[in-house]
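Below you'll find only one chain, the form predicted alone, shown as structure tokens.
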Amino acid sequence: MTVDQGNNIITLNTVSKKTIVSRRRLAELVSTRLMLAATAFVGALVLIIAIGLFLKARPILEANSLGELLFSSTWRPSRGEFGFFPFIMGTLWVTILAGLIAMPISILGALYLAEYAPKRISALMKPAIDLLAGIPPVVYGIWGLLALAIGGINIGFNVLTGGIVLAIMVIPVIMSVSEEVFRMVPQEIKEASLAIGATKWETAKNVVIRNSLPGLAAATILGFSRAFGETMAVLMVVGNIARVPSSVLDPAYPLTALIANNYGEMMSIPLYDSALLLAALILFLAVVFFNVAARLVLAKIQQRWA
């Protein structure tokens, strides 16, 4: 009897362990499937948005050739003339200027935090950078309006004002990613450079920055993607005049401002809403392209130093 009871206890323990293992495997399988479903849902959202915008923009694409829409400078919705060239050029002028201002500031600041700054200063600066990244765009727009456009410096409503405001907005993005890229460079390489007599700056310039160039490109692309799709801060300070700028002191009319200022109004004009949604589709595809390119570059960097 004692032996039988012992065998029964062993059998029950074995069954209990198998049950626990089965439940854990089931829980792991369910959680994995849920995460896969959530990821697929997010990816599907991107596709759904793109398809929805394309279907809404399809009428104007059928009425006009894509080349005419993209390269014509005539914007007369009442006559059925929808030339996006001034708005595309306005977007590019403001975005490129913002990048030229933001890139050196962001990269040098990130290099200081990663290689030179004491831990205490670095710990204080990171929350400040995150705070700047989280400020609503309309706040930047009001600041640019009061400090740059009509008060303070008073440089007017033009590409320069928009570029400065956008640069301040994208600096936290570029700086944050650039700092992480700098920190990915192995310490052994830096120590080897210092060991052969290189100074701290020579090591930073010839080793850290040189090995981080792909990552810096990815950080810049991410910053450009935010600048390219920004709306509120831009439309408040660039002047919103539909002509191609010839200098940074000329007003501009970016695509984002075109959509924000006009969607919901004048919808009685044929194809007007379709034209605005085509502008939204162009912006959407550009931002997706920038983000995908940046993520691919960052992934290659992580594989390189893994």
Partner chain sequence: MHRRRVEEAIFKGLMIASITIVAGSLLSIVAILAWKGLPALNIAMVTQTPKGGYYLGKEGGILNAIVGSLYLATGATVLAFIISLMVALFLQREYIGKTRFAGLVRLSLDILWGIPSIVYGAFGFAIMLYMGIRASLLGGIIVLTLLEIPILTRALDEVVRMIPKDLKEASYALGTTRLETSFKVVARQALPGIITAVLLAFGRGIGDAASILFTAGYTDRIPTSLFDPVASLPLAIFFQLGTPFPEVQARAYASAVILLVIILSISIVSRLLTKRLARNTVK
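Positions refer to the first chain, counted from 1. Predicted model only: the values in this text are computed from it and were never measured. Just so we're on the same page, rigid core means the largest C-alpha set that superposes within 1.5 Å between forms.
Same protein, other form: the form predicted together with its partner chain, not shown, and the subject of what follows.
Using a 4.5 Å cutoff between non-hydrogen atoms, Leu34 counts as a contact of its partner chain in the predicted complex. Put simply, Pro270 is far from its partner chain in the predicted complex: not one heavy atom of it is within 4.5 Å. Under a 4.5 angstroms non-hydrogen atom cutoff, its partner chain in the predicted complex has Lys56 among its neighbouring residues.
In the predicted complex, none of the heavy atoms of Val297 sits within 4.5 Å of a heavy atom of its partner chain. Residue-level contacts in the predicted complex: of Leu66, Ala63, Ala38, Ile241, one residue has a heavy atom within 4.5 Å of its partner chain, and it is Ala38.
Residue-level contacts in the predicted complex: of Ile155, Met184, Ile88, Ile168, one residue has a heavy atom within 4.5 Å of its partner chain, and it is Ile168.
Shown here without its partner, the chain carries Met125, Val139 and Lys200, all of which come within 4.5 Å of its partner chain in the predicted complex through at least one heavy atom. Annotated contact segment (heavy atom within 4.5 Å of its partner chain in the predicted complex): 231-239, selected among 231-239, 88-96, 184-192, 74-82. With the core held fixed, the Cα of Arg79 is displaced between the shown form and the other one by less than 2 Å. In the core-superposed comparison between the shown form and the other one, Leu70 has its Cα shifted by less than 2 Å. Fitting the two forms on the rigid core leaves the C-alpha of Pro118 displaced by at least 2 angstroms between the shown form and the other one.
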